[in-house]
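First, one chain by itself: the form predicted on its own, in structure tokens.
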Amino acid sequence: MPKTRAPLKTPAAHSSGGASAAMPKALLDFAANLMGAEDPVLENIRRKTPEKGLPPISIGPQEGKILETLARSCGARKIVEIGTLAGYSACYLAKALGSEGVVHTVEYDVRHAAVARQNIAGAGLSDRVIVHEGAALDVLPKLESEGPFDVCFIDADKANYHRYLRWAVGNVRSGGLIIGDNAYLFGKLHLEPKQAGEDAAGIPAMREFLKTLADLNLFSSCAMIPTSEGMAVAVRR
């Protein structure tokens, strides 16, 4: 049987890891400023995304810095991102690469992909980021010859997270990272599907995604970074 971690017995106040959500905004902003201000070019991308008709669902600057730090920590040179939107997160990932590194980012919506290319060019990172258009499950097999990859970041349709993870398991190198955003499923991960409305299909997919990340046969370590949306990360065995 696959080895999985036993549930931790923790005090109720800490069981969800969500204590940071109760922190005063002033404190969070103060700490964020100490860790470094947002790059003005990337801030411009983030702020203007809704003005360009794209949904305001991108990661925030602190999540971006986490991504950049994680990618740097494993010496990433080849990265796959599933879900480009306006290219904000792709830019953070690209900043972590050396001059010869590359981010392959996959975007379903043609209009979003066009905006992303403009933003990535404006950030001076076109030489490190390739935007692929199409459904991820169709595009990913075409990228396999470029691997193995050091990092796979998943931030796309939640109902397919478990499928994207299966691909990543087979194409991320030993010691590489698989990262998934929105791992709390907008606060609905613990609910029954009938209670989750439009996110119902994401509940079994996200639960399978997280259970797989906890499989000791596949990953040597995993953790939930308690951002507002939850960012799950695991190290490929």
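Position 1 is the first residue in the sequence shown; the rest follow in order. What you see is a predicted model; the values in this text were computed from it and never measured.
Only in words, not in the display: the form predicted together with ligand SAH, which the text now covers.
Legend entry - Sole residue of V131, V115, L125, A156 within 4.5 Å of ligand SAH in the model of the complex, by heavy atom: It is A156 that has a heavy atom within 4.5 Å of the partner.
Legend entry - 4.5 Å heavy atom contact, D109 and ligand SAH in the model of the complex: Result yes; D109 sits at the interface with ligand SAH in the model of the complex.
Legend entry - Partner proximity in the model of the complex: S58 to ligand SAH, non-hydrogen atom cutoff 4.5 Å: Residue-level check for S58: yes, a contact with ligand SAH.
Inset, instruction - Although ligand SAH is absent from this view, report whether A71 comes within 4.5 Å of it in the model of the complex, heavy atoms only. - result: Residue-level check for A71: no, no contact with ligand SAH.
Legend entry - Close approach of Y164 to ligand SAH in the model of the complex, 4.5 Å, heavy atom: Contact with ligand SAH, yes.
Inset, instruction - Give a yes or no on whether each residue among G83, S89 and A135 has a heavy atom within 4.5 Å of ligand SAH in the model of the complex. - result: Spot residues vs ligand SAH: full contact, yes.
Inset, instruction - Please determine, with the chain shown alone, which of 117 to 125, 147 to 155, 95 to 103, 71 to 79 has non-hydrogen atoms within 4.5 Å of ligand SAH in the model of the complex. - result: Correct option: 147 to 155.
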